Structures are given as C-alpha cells and as structure tokens.
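What follows is a single chain, given as structure tokens, in the form predicted alone.
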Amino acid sequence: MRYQPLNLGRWVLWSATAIVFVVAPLMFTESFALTLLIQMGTMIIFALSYNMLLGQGGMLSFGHAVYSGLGAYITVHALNLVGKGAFYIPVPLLPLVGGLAGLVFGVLFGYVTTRRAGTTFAMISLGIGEMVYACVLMFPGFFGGEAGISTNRVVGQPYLGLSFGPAIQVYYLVALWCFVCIAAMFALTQTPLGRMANAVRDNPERAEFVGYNTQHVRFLQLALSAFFAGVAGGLSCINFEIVSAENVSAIRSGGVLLATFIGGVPFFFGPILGAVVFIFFVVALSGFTKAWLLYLGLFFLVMVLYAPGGIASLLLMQIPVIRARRFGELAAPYVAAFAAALLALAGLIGIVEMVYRLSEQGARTELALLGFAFDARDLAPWIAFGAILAAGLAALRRATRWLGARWSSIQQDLLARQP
C-alpha cells in the first residue's frame, strides 16, 4: 500500500477513522448511546496521553488524573467567566484552555517527578496525585470542595450557529478534538523526541552514552502528555458541566491505567480499544448491574494473565496467519472457544448476581436473567448456574487446547517457510 511519495495505507486508515467518527451517531441514535460515544471520545484522548508516558516513555504513573483534572478545573472557571462576560473564548476552543493548563502543571510537576525513573517515579507521581487531591478539598474557594464547581456550556452567542446545548453538537466537538489529538499524538511518535522516548524506555544507559539527557527526554514527554490530558479534562468539563474532586482522584488515575493495559501498552492504537472497553464497563454495564466493578476486575485479570499485550496484541497476532491464508483453519477452534467462554460467563454472571442480590439488605431476591425468572434463595438456580459454569470451563479448556494445537501447527509451518 505504499506509493511514493504517499503512504496509501495510512491515508485509507485515517480516512476510515474520520468516517467512523462522522457516522457513529447516525448509526447509534439513542441518547444513551450518544452519551456513551462522547465519553469514549474523551477517554480515548486521556488513555493515549497516558500511553505517551507508559507505552512510549516507560514511565508508570499513578497520578495522571492530576493533569486532566486540573485542566478541567481551569476550563470550568474559564467557562464561568465567559458566562459572566468577563472573558471571551469560543466554546470549541475551551479544551485548548484545559490543554494549556495541563501543560503548565506538567512542566511544574514534571520537573520534580522526572528526576527519577522506574519505581521511584511511580511513587512520586502517586504522592503528587494525593497532594493535589488534598488541596482540592482544602481550598474550596477555588475548587468547590467535595461538591465541585458547576457551569453551563450554553453561554454567549452561538458559534457558527452551534450552541452546544444538544448532545449531538457536543459529540461532534469531542469527535473533532479526538481525531486531531490522535493525529497529533501519532505524529509525535514519529519525531526525534518520540524515538528518543522509546530509546530511554528500552535502554536509558545507552541513550545517555550517545549524548542524550534522559531526564530531559522524560520531562518533555510528560509535559506533552499533560497537555493532551488537559484537553481531555476540558472536554469532560464541557460534557458534564461539573468538575469535582473525583476528576483528580486516584480512582480516575487507576481507571486510565486499566484502560491502557486492557487495550495494549506496546501499541499506539491499543489505548483506543482499551478506552472503548473501559467506558463500556463503567457507563453501559454499570447501568445494569452493581457488580460491574467485579466484572471489570475479572476481565482485567484475564487480560493480564493470558494476553499481557492487550487486545491489540490479540488482533495483530492474526495478521501473519491471515496473510498466509491459514485463518480458516482457526475458525472452528475460535468459534468453539468463544461459545464455551459465553457458556462459562453465563454461569458466572448468574452466581455473581445472586450473591449480590442476597447481600443487599431489604432487596427483593427475585431475579430475571437470560430470559429466566427465579428466586436467589432457592437451591435450584445455584445448582443450575454452577453446572453451567463448570460445563463452560470444561468446554473452554478443551477448546483452548484444540486452538493451541492448531495455532502451534500453523506457526511451525510459517517458520519452516521462512528463508
């Protein structure tokens, strides 16, 4: 797909991405789906900014929410000033205010945190995160305390006929910023700074030997990462119209860490996939069950144990098989493994939901799952779901063995064909 001086494959990929952003709300027209898409777009920027530290720079941070949260706080104050007529900036450019705020705090805190690497950096980032969270509660005059600061995104005269009151207008604003930020962060990976960040991640001693200041490289990478995190915070402020202490909390920092790991740290597009899956758990699944955190934790545990490269690694592993036209040999094992996993998941969901229902004081014990109504106090559903779980796990074990044997055979054939 290369035709000098154009890379046709890259043009096709970016064009397809833009088309997906445009047509997504036309395919999913419900208000809940639109809310889901908006939060996914914001989370994609946040996760990619975090991966600039972890995936590209090798810096494990436990306080990345500081930059998005403080960017959101500055954005909400700017938006309130616009509403009072004391300051003017078009609403579509407000995420840039958050980005600049994130950049300023990235320079301020990055000067301290990047003086060390590895575990020390992680601990310092955790300490700064807790310090900022404490300051949010200590200075309610600026941060609004636990209640936070509310705002109204519909201020001033409509910009190009857009008031950003309807959710569809907010979506396209988020989609535009998301596409621009994805392109900008990908471009940064192709720059000398991006390459040196990879070198510092892989072998800091050799990078210093050839004359580069590793602390300087880490500092620049963190500052730029903080800028994009601030953009995500600004978009979150516009969407929710409120900023609170939760925006800078360790929970939010842990959330972006989970999303990035689930998608795949070693790959640029991994955090995009991880952000989509994470928001599905947090927003969509949480509306149906109180056990969504347990399901998210189990999913994360399975990914770490069996796919440490994330969802992106699972997808990229299939490319050599597809190119060799051998993927059809894996179709039946994949279908069998998927069906067995669904069966085991059905049994697990039934048991978990019954446990949660019985643990709630005063709650009704009647449940309706998978089209069946039953009482969690009865013995029969426990036996039934336990049998389903056991059968699913047994079938999954046999299916994975079948898949593993077929996969190993194909890989051996591919290696034998190499010159």
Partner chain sequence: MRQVIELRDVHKSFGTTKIIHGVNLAIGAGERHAIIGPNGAGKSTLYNLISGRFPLSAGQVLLNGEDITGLKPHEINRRGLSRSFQVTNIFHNLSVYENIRCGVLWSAGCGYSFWHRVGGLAEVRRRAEQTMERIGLARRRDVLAGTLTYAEQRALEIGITIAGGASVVLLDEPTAGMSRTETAQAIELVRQVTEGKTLVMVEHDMGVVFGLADRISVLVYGEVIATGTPEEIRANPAVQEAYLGALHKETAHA
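Numbering follows the first chain given and starts at 1. Note that the structure is a prediction, hence the values are computed from the model and not measured.
Missing here is the form predicted in complex with its partner chain; even so, the following discussion is about that form.
- None of 153, 77, 201, 326 but one reaches within 4.5 angstroms of its partner chain in the model of the complex through a heavy atom, and that residue is 201.
- The partner is absent here; in the model of the complex, the one residue of 82, 188, 168, 316 having a heavy atom within 4.5 Å of its partner chain is 188.
- Interface membership of residue 340, defined by any non-hydrogen atom within 4.5 Å of its partner chain in the model of the complex, is ruled out.
- In the model of the complex, its partner chain sits within 4.5 Å of a heavy atom belonging to residue 213.
- The closest heavy atom approach of residue 348 to its partner chain in the model of the complex falls outside 4.5 Å.
- Proximity of residue 246 to its partner chain in the model of the complex falls outside the 4.5 Å heavy atom cutoff.
- The stretch in contact with its partner chain in the model of the complex, judged by heavy atoms within 4.5 Å, is 192-200, chosen from 192-200, 171-179, 158-166, 84-92.
- With contact defined as any non-hydrogen atom lying within 4.5 angstroms of its partner chain in the model of the complex, the contacting residues in 205-233 are 205, 206, 207, 208, 209, 210, 211, 212, 213, 216, 217, 220, 224, given in sequence order.
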